[in-house]
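This document opens with one chain alone, in structure tokens, the form predicted alone.
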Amino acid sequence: MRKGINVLLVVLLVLGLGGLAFAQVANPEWWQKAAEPYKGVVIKGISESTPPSKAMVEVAAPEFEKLTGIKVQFEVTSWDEMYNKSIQDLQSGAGIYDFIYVEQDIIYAYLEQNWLTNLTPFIQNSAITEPNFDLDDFTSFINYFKDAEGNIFAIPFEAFLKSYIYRKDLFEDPEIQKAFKEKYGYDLAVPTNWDQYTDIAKFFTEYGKEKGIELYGHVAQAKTHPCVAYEMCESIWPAWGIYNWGINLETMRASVDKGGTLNSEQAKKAFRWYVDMLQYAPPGVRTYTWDETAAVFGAGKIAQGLIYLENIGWLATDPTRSAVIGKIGVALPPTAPGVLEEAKAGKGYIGYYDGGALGIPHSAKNKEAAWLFIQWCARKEWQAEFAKLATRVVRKSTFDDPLIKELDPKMGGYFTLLKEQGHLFAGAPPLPMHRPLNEIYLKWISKAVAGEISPEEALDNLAQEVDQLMEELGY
């Protein structure tokens, strides 16, 4: 769960791609014939204002309209407004929207309410599904948008990792390397465990003070906002070996004495570490959401951190906003002992595989026309340009495109990391009560981050309230 930054126009200008991104359509006659019954129809959609959404609005939609005659009204707005409007439409059945943004972690709640249209019959209908749609070409991320029977309810358009990012220029500086080794007795390198990460955070924060420059060794999305709960659940706890938000998915309980891990000693240790580490982040870190963490890294003030890597596109290429072009490295996050091995064995995961998809509300009035547009955004021949615009990949074939291979080194090897090690990350667990859970997590995590109570006390209370919620919901 994250919120992106509106950078598409800047990126388009920088890369000079605006009018070229849809220059080729593999099968234009098919699109025109399939769309003929819906010519003149206006389909309405809503999404969060992320770079991928902006790419669809400003690049894909105009070309779709031009070729098919189907008009697209696509609203991109804040995360909060997007959710509120979508859910109001889904609950009321008003049918305002023909397609909506379905974020990976919320789909279980939507499926529980039967709010989405089953797309599998659409995919099997050759009259409205382009012959080259190639469902098998999608990465495993599409599996998060299926029900228990394997039916597909949304088609991914964005997928990315939240992982470790660092300043290569600082890490590779001989004088800094020497100073670090003198202080800690080992070489400065990408940390593989949390002790190393902590040493590096301390070192660069102190280095910034000594040099009189604004540089910090850590960053976090620590604002009293849903983002701080997501950071713990999606990034920190998994890398410490606490999976599924600390909830035992068999017993559906969070407390240790009921089979969960949310108030386990390891979870408390990880949370204590998170709170203590804020001293090595910029002074305003408790006002940061996901947007500010990326922005402050782009300003050149952070040596290392975990951020949503959908931002790496503009960090690596946009000189109007990024001071770290050519200086970025990406890697797997540090992990506690045994966690990486568990992830490789498929028994755990090390971080969050984030993203979203386009789905069709159960009450949509123009489902077939909306399905055509969703396919259009997922066309193979556009995916490399789409990835260049918005740093997202949902098809396996995209990784092999020359455009992506050329761009990969500029992004610190991010596309290679996503292709080869993306399977070590995971989306949110299948918890239909996602939103009320997030509210409870936010309440107790925020109290500890604000210093009102200890992390240990917060997790004992949090685990108890999660168990109560589950019981009230009948689990």
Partner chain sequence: MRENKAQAWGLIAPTLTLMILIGVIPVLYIIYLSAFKYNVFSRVGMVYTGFNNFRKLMFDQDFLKSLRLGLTFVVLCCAIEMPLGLLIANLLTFEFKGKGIFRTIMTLPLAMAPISIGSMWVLLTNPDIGPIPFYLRKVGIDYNIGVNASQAFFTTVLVDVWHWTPFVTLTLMAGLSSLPKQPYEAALVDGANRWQTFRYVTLPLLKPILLTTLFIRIMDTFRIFDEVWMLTSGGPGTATRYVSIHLVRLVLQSMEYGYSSAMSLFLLYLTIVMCWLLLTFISSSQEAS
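Numbering follows the first chain given and starts at 1. Only a predicted model underlies this, so the values are computations on that prediction, with no experimental measurement involved.
The same protein has a further form, the form predicted in complex with its partner chain, not shown here; the description that follows concerns it.
Engineer: How about E65: is it within 4.5 Å of its partner chain in the predicted complex, going by heavy atoms?
Structural biologist: E65 lies outside the contact set for its partner chain.
Engineer: Determine whether any heavy atom of P283 comes within 4.5 Å of a heavy atom of its partner chain in the predicted complex, and answer yes or no.
Structural biologist: The answer is yes: P283 has a heavy atom within 4.5 Å of its partner chain.
Engineer: Answer with yes or no whether P436 is in contact with its partner chain in the predicted complex, where contact means some heavy atom within 4.5 Å.
Structural biologist: Looking in the predicted complex, residue contacts with its partner chain include P436, since a heavy atom lies within 4.5 Å.
Engineer: Is the gap between P226 and its partner chain in the predicted complex 4.5 Å or less for some heavy atom pair?
Structural biologist: P226: contacts its partner chain in the predicted complex.
Engineer: Out of 158 to 166, 317 to 325, 88 to 96, 259 to 267, where are the residues with a heavy atom within 4.5 Å of its partner chain in the predicted complex?
Structural biologist: Comparing against its partner chain in the predicted complex, the contact stretch is 88 to 96.
Engineer: Do all of G150, N193 and G241 end up near its partner chain in the predicted complex, with near meaning a heavy atom within 4.5 Å?
Structural biologist: Negative, none of the three is within 4.5 Å.
Engineer: Under a 4.5 angstroms heavy atom criterion, identify the one residue in A109, L340, A179, L215 near its partner chain in the predicted complex.
Structural biologist: Answer to the contact question: A109.
Engineer: For the heavy atom contacts within 4.5 Å of its partner chain in the predicted complex, list the residues of 436 to 464 involved, in sequence order.
Structural biologist: Going through 436 to 464 in order - heavy atoms within 4.5 Å of its partner chain in the predicted complex - the hits are P436, E439, L442, K443, S446, K447, A450, E452.
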